[in-house]
Ligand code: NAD
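In the block that follows, a single chain appears as structure tokens, in the form predicted on its own.
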């Protein structure tokens, strides 16, 4: 990698740190290990670019052209991104629809919003009585860019998460400093190479990588930063919110989840079992929106568990993510594998029934692999049902009736995503409205290009996706005048 990307230039740094391949445990590459001084330079560059540069005064159409160029640049370098996602992230071929294709599609959709997003909205006029008589008052609501943004994406879907922030921020007219997770810096640096070729004014887009937690702290504490957008854990999100409160920054937090999938009794299991059994093992379960609590009526509990375990045993193959036949690769680091194993132990100790998995594959001596795991007869007060595991572990919980299922789905401190499986779409929509979660998928349907994505409760604050994501990077101003 060329170095840090600051103020439109590449800044080589002598300090580097190793990025391992989670499938082999060998060093895959080295990343620049930036310092707080580097981050301060990037923040200052973004501040100058916003206050004094031309970017925020460009038209939405001009910004959309830049977004389209970035999307084209990523498209032409897809193989390089794919190599990084496999080698540094353990991503399997099946995940590239989300890891690589969807981010490009979302960036193009964001560019298209330039023609429809209302940066200026004419409001209804009102009649005002004055001493000299009546007069009409006319008003506009104007959306201005929020300013300098600190963007802190996570490591599990690095391009997807970063572009969910960068695209809307650029369209809104913001400038930014991207501070990737130390576990996933390489994709963001390659993205900076793409941006460097797209005629973006210096200082608008900056990337500083590094291991020091003080880098993220500086973004949150700096009075030069107007907003922080973070994707990651609840614990870190709370710290970020506390830190940003000192300067009253705008905060967007996309945090953890413990999403429930409700299977209604009329569900066609043979048709839906792939959607029920496989998503939680996608990218080794390392996704905040994965449906890891499967709620099913007691009378169909054993049937669902049997079909899930049969599907997993037949189709969820674990191994080298570079092999296109492999669906599930490794966890990102050894400490994450140990943490997931701790949850497995906890589930057994609390009385849940371990149906399949829970162990390290015997035929994979190297790499941070773990078998896909299913627990049955799980109670909603067990640790494995309460906490985000962030690994390939699914809990099947029996419910007594529909009202009980809704209660169980809502009995969580999280509220990010969820799902319903049924033949009755109308009924599913009514049930979805009763679940306190940011999004609900019925029979596996999704529409990430236009729908808002984000959480309720401890799953976060704010929304990404479509026009909703652009709104998050704007501030409203009202202008009124008489006639």
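Keep in mind it's a predicted model, so treat the numbers as computed, not measured. Residue numbers count along the first chain shown, from 1.
As for the form predicted in complex with ligand NAD, it is not shown, yet the points below apply to it.
- Comment: 177 to 185 is the region of 130 to 138, 177 to 185, 97 to 105, 302 to 310 lying near ligand NAD in the model of the complex, near meaning a non-hydrogen atom within 4.5 Å.
- Although the partner is absent here, residue 55 lies well away from ligand NAD in the model of the complex, with no heavy atom inside 4.5 Å.
- The shortest heavy atom separation between residue 292 and ligand NAD in the model of the complex exceeds 4.5 Å.
- Taking the partner from elsewhere, residue 373 is found to have every heavy atom lying beyond 4.5 Å of ligand NAD in the model of the complex.
- When ligand NAD is considered in the model of the complex, residue 278 lies well away from it, no heavy atom lying within 4.5 Å.
- Only one of 85, 171, 296, 255 lies close to ligand NAD in the model of the complex, with a heavy atom inside 4.5 Å, and it is 255.
- Taking a 4.5 Å heavy atom cutoff to ligand NAD in the model of the complex, the contact residue among 380, 112, 93, 233 is 233.
- The candidate spot formed by 284, 322 and 393 is out of contact with ligand NAD in the model of the complex: none of the three has a heavy atom within 4.5 Å.
- Using a 4.5 Å cut-off on any heavy atom, the residues of 118 to 155 that reach ligand NAD in the model of the complex are, in sequence order, 152, 154, 155.
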